[in-house]
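Before any questions on binding or motion, here is one chain by itself as structure tokens, the form predicted alone.
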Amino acid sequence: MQITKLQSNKFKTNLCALFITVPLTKENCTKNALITSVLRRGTKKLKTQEEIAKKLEELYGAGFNCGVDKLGDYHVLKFYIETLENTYTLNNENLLQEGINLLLDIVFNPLIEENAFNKSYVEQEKLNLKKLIESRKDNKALYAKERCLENMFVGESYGLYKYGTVEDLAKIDEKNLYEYYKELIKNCKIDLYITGNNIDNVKVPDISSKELPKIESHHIAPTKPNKINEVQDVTQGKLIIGLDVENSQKAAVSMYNTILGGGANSKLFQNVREKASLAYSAGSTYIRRKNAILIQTGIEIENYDKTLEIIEKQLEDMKNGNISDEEFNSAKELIVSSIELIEESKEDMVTFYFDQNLFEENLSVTEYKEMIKKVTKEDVIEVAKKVKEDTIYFLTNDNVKK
């Protein structure tokens, strides 16, 4: 297990985050999502959620949470515990150490009965996960974003839904889930991040961890964008455009994305939403680990053609170097400000440094900020020239079919 300590005296609490990372596959996706929920239900010592909750309360109301996420083509099981900084305790209790012990207990000493997970816990969490997977359509903006990515990366790891599928969930029981858990722990990468003040004197057992295989991404952009229309009972259309970015200079791509759709001064916000009044929302997101950008808009369904035309004009303008000093400087200020805020949040610090570690970039917050500052307008134009439309996804209704 790799242990990273992020010292800071800015906070009155300490955050410990444990990450279990494996390559994302269809075979393990649903199991990973289910395991996090099952593990939080009980340990060998604390057999119920009530007992775990009581222990957290004894630790001055410590907080625990867990979940799964996708980072590039990896699946990450995340476990967090936040405890009061030791200097604020009444009797000098070592809450940080106790919190780490509880975190490790939940992850590595689960409640096992007859060489399997607790049957009722697994069945209950399967039902909860099934409801979560089936409810993904409720948030139309998030659903459209995920569906665009699934189509853009169809047949690839990143195209998988991070919570898996109902079909795969039905095949899981308490026995095969426990067998998979044992293999997972044996073959995963394990990282523990400890943030806060006075964090040097903690004891952590030596837990073995594997080096992850480097996954070579082989996404090939289509010669012309794939157009996908999905019909649902919606009153507002969701137009999502996936862009391929053939540039490895991530600082320059970050600048490109922010100028395009990263804030109120961006081209998409100003030209699609403000000037043309075509969209309720218009922006873009940079998916760093997949060299992709996602343009997201919420529009009246009949405005599809006009919205797409204006969006494509912004892409063309950037290729032609049509970027004002105001747009460029505003984008740089926005990114630098957001980087400066990283160290104001324990969660953001952990997320930043874990991502850096996982992809072997190992930049500090200061170094990343300096990289952004050095980006020139010419760098951004070079990025723009190699951006290609990959997927155009439209969530619409029966009234208009594109």
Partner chain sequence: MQIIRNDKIKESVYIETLDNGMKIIVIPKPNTNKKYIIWGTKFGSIDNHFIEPKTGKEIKVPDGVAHYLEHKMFEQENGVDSLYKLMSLGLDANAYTTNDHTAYLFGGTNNFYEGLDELMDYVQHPYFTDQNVEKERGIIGQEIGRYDDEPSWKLYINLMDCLYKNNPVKLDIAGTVESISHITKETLYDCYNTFYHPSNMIMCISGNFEPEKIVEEVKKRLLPKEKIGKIERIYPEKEYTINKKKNEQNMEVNIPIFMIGYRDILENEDNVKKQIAIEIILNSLIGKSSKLYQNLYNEGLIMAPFDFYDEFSNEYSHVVIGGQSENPEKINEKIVKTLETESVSNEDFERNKKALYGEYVSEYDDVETIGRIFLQDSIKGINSLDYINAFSKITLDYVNKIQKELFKEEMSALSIIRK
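Residue numbers count along the first chain shown, from 1. Note that the structure is a prediction, hence the values are computed from the model and not measured.
As for the form predicted together with the partner chain, it is not shown, yet the points below apply to it.
J.: Looking at heavy atoms inside 4.5 Å, which stretch does the partner chain contact in the predicted complex, given the options 273 to 281, 144 to 152, 312 to 320, 172 to 180?
T.: Single hit among the candidates: 273 to 281.
J.: Just one of Asn101, Asn265, Ser209, Gln249 has a heavy atom within 4.5 angstroms of the partner chain in the predicted complex, so which one?
T.: Only one option qualifies, and that one is Asn265.
J.: Can you work out which of Lys224, Lys306, Lys131, Lys227 has a heavy atom no more than 4.5 Å from the partner chain in the predicted complex?
T.: Checked against the cut-off, the match is Lys131.
J.: Using a 4.5 Å heavy atom cut-off, state whether Gln49 contacts the partner chain in the predicted complex.
T.: Although the partner chain is absent here, Gln49 would touch it in the predicted complex, with heavy atoms inside 4.5 Å.
J.: I'd like to check something about Ser330: if you look in the predicted complex, is any of its heavy atoms closer than or equal to 4.5 Å to a heavy atom of the partner chain?
T.: Ser330: contacts the partner chain in the predicted complex.
J.: Give a yes/no on whether Leu84 approaches the partner chain to within 4.5 Å in the predicted complex, heavy atoms considered.
T.: Looking in the predicted complex, residue contacts with the partner chain include Leu84, since a heavy atom lies within 4.5 Å.
J.: Applying a 4.5 Å heavy atom distance criterion, does Lys12 contact the partner chain in the predicted complex?
T.: Yes - in the predicted complex, heavy atoms of Lys12 and the partner chain come within 4.5 Å of each other.
J.: Mind checking whether each of Arg41, Glu93 and Ser337 has a heavy atom within 4.5 Å of the partner chain in the predicted complex?
T.: Answer is yes for this spot.
J.: Can you tell me which residues in 35 to 60 come within 4.5 angstroms of the partner chain in the predicted complex, by heavy atoms?
T.: The stretch touches the partner through Arg40, Arg41, Gln49, Glu50, Ala53, Lys54, Glu57, Glu58, Tyr60.
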